[in-house]
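Just the one chain here, the form predicted on its own, laid out as structure tokens.
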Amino acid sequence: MKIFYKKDNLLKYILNEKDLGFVPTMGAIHKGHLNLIKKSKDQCKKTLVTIYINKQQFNKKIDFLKYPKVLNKDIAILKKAKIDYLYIPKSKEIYPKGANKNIKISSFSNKLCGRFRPGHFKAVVDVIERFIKIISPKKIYLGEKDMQQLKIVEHYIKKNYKHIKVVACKTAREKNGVAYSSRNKLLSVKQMKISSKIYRLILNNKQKLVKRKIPIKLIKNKIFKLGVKKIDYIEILDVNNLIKPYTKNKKYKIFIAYYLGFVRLIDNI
């Protein structure tokens, strides 16, 4: 594994790579990331991982400051995973002239998390595009846990970079059902148990919710009783009908965003 901190040094190595898989991360590497890496290694000749905590996509300064930073541990994990390249840039390399506020993305960005995190998805697409322009990957690997993000990025890249494919990877879950997330490192043991109960509650009631046999309000009340103070949303959506072109086959997921303490967790089940 070769580690690069400077764009110019990286480019010397990857300039002629025609089959490069790209896994963008903000560090705090977990099993979900490793699944993306494995898929990239299976499908591409070389795999490049980035670690960059993108300040632009945080709506609250406190969230940015509290985001887990474990770079040495991350490097050790990625070495073990035998990736080819690791790029850890500084902000001035990624944003030499500041963020692109005029980036045009799907209107789906105004729903779900977009209602509570204005500008978040524009910042995500902006930073991924900046990495694309440096790296020129053949494929980009993103997890389905961040389904809204995945769909928005996929739509933007299909429209603007037809030669690049976004590969969706299934959500990796811990034994207790909780989706792997860098933010899980910020949860207490008690909060982790609550999160597991929420996952089981939604999973066990999914069919009833989809068929409207029970109201979402009932599930919300049960989640509050488990110890959650704030729920941003619980919504049932057809994932094949989120962004045009729509497909006829219906595939429902229950999207949720809620807080345990100051930690905001999202999932789709």
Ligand code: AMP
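Just so it is clear, the model here is predicted, and its values are computed rather than measured. Sequential numbering from 1, following the sequence displayed.
Beyond what is shown, the protein has a form predicted in complex with the named molecule; the following relates to that form.
36 is the sole member of 202, 44, 36, 49 with a non-hydrogen atom within 4.5 Å of the named molecule in the predicted complex. Interface residue among 121, 85, 141, 156, judged by heavy atoms within 4.5 Å of the named molecule in the predicted complex: 141. Partner proximity in the predicted complex, defined as non-hydrogen atoms within 4.5 angstroms of the named molecule, places exactly one of 86-94, 172-180, 70-78, 108-116 at the interface: 172-180.
Although the partner is absent here, residue 195 is not a contact residue: none of its heavy atoms lies within 4.5 angstroms of the named molecule in the predicted complex. Within 4.5 Å of any heavy atom of the named molecule in the predicted complex lies no heavy atom of residue 237.
At the 4.5 Å threshold, heavy atoms of residue 145 reach the named molecule in the predicted complex. Of the heavy atoms in residue 209, none are within 4.5 Å of the named molecule in the predicted complex.
Along 1-40, a non-hydrogen atom within 4.5 Å of the named molecule in the predicted complex is carried by 24, 25, 26, 27, 30, 32, 33, 36, in order along the sequence.
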